[in-house]
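Read the single chain below, which is given as structure tokens and is the form predicted on its own.
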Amino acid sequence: MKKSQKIEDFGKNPEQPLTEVKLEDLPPLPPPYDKLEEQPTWKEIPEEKKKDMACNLDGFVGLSLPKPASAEEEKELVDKFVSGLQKLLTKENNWGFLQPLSLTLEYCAKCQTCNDSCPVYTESGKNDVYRPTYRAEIWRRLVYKYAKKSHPLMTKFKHGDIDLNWTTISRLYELAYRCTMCRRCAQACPMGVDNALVTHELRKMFSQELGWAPSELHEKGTVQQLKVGSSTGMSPLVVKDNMEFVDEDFSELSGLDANSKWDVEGADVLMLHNAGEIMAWPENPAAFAIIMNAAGVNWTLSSESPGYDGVNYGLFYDDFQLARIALKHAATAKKLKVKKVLMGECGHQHKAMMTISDRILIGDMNVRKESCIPFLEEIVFSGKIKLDPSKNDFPVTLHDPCNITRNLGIIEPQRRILRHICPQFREMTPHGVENYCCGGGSGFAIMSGNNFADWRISLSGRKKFRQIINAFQDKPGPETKKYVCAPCSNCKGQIRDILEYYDAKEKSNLIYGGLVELIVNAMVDIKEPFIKWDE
């Protein structure tokens, strides 16, 4: 039986989880993944850890928030929280997002239309805590009671009541990291209310006002990137050394020119990869180099810190950190005097540089930026590289990264490429702007502390795994090789973890990769297949 999830109870019973999630409550997966006894069991948080950190939301912990040491510390945190709520609603503190946030505050009709659009809510067995409107309604009640004060009885009657204490803010902090910010709910809302924006603003407030942020996004993310040059920890010297090995290996394996260009002043294109590709999926930057060299593109990489790493985890939790990194990326492009910056296969990089940064990079700093996907489409259909689609004659489906499709509206270029070079291409259902998040969005793909990996794979990634399996339902068994095309680094990390979690390589012969790998695999002059099924 699910525990009480009334909003009025959100700040009560501090030592108990507000709700409980059980594997048997979740909608069953398609065969052969439908047997509960064969699914991995979820890790329990040790009792010793519970004594020192908040574990009071749903039995899962992603943030390792330490409990306050005294009543004075608790009061200080609550006071900072109220101060943060107030700042969110002032132009001088939140000029970039005040207007859409105010509209979201005022105009929710509480029709609940958005709920069934949320993959986390539906795949949890419709657990009330994961409703998009649940988190937003808590925020509204807190705003009206503590930040936009009016007569207490009128506030309670009009907006509902809620207590503000350590339990409330610690649960709300954890709950802000139960949303992938895919914005599917915003797309469904007839009023234009954006519950994902509420999630973002809560995360920002926790970071800037209380100093709370996941270590994977902050210390190991933006802080390390600004200090060293990359969230991977690679310095300029290390990244060039690594790419030298990548260039050599893939030039030899492919028989094509996979050599990278570095610091070419005045180049037409500055290629900006997610540096995680260099470490985890080096075939991706190698494929880009092969395509651009073969097509005669005047391109370059930058060894300027952090101009070789397009990651910007500030997008997920802190506008200040986002701005610091975005300004350095723009400065790199200006220093090299390139004509444009080309976003690699990284969804959040697209949103950080092509959507949010347009509010920050003004005047001369607003350098030209382009997505790699229409750029690749132009090359594929230009005739500059010769392609043999029969080399990709295996089932292929496409995952649409939220920040490329729903955010930027880039839908058809990647499909035109896949229909051209993959004879057995098939769509997921739904797809395009109606796609479902991989479950690793908003930074989740790199968060695995405590038992959070169980949550992001079993719940937030469950809908995507269901889509992948259903896309290949005509050839479900391991006798047929199948490829999931995911042109986004974060999405690939999440899909990798999902496939490993359910042993899908063995059971279904599923592998994943980017779009450029399929293009290179189809090139006529390649020495041997670029896609390696057994690696």
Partner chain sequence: MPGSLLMIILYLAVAVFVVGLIKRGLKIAKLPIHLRWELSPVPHEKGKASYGGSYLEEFEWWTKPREKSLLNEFWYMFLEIIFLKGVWENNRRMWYFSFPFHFGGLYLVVVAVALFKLSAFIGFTGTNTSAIASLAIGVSVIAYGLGAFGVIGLCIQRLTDPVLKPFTTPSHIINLVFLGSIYVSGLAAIFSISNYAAQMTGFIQGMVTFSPPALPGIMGLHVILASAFLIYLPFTYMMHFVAKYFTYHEIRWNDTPMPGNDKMEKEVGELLSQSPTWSAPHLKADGKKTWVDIATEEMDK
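Residue numbers count along the first chain shown, from 1. Since the structure is predicted, the reported quantities are computational estimates derived from the model, not experimental observations.
Although it is not shown, the form predicted together with the partner chain is what the next lines describe.
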| item | value |
| --- | --- |
| Contact flag, residue 247 vs the partner chain in the model of the complex, heavy atom cut 4.5 Å | no |
| Close approach of residue 137 to the partner chain in the model of the complex, 4.5 Å, heavy atom | yes |
| Close approach of residue 378 to the partner chain in the model of the complex, 4.5 Å, heavy atom | yes |
| Proximity of residue 174 to the partner chain in the model of the complex, heavy atoms at 4.5 Å | no |
| Among 165-173, 233-241, 446-454, 203-211, the region lying within 4.5 Å of the partner chain in the model of the complex by heavy atom distance | 203-211 |
| Sole residue of 267, 77, 186, 253 within 4.5 Å of the partner chain in the model of the complex, by heavy atom | 186 |
| Selected contact from 178, 145, 351, 399, since only one has a non-hydrogen atom within 4.5 angstroms of the partner chain in the model of the complex | 351 |
| Contact check for 7, 106 and 111 against the partner chain in the model of the complex, heavy atom at 4.5 Å | yes |
| The partner chain in the model of the complex - contacting residues of 320-350, heavy atom within 4.5 Å | 320, 321, 323, 324, 327, 328, 340 |
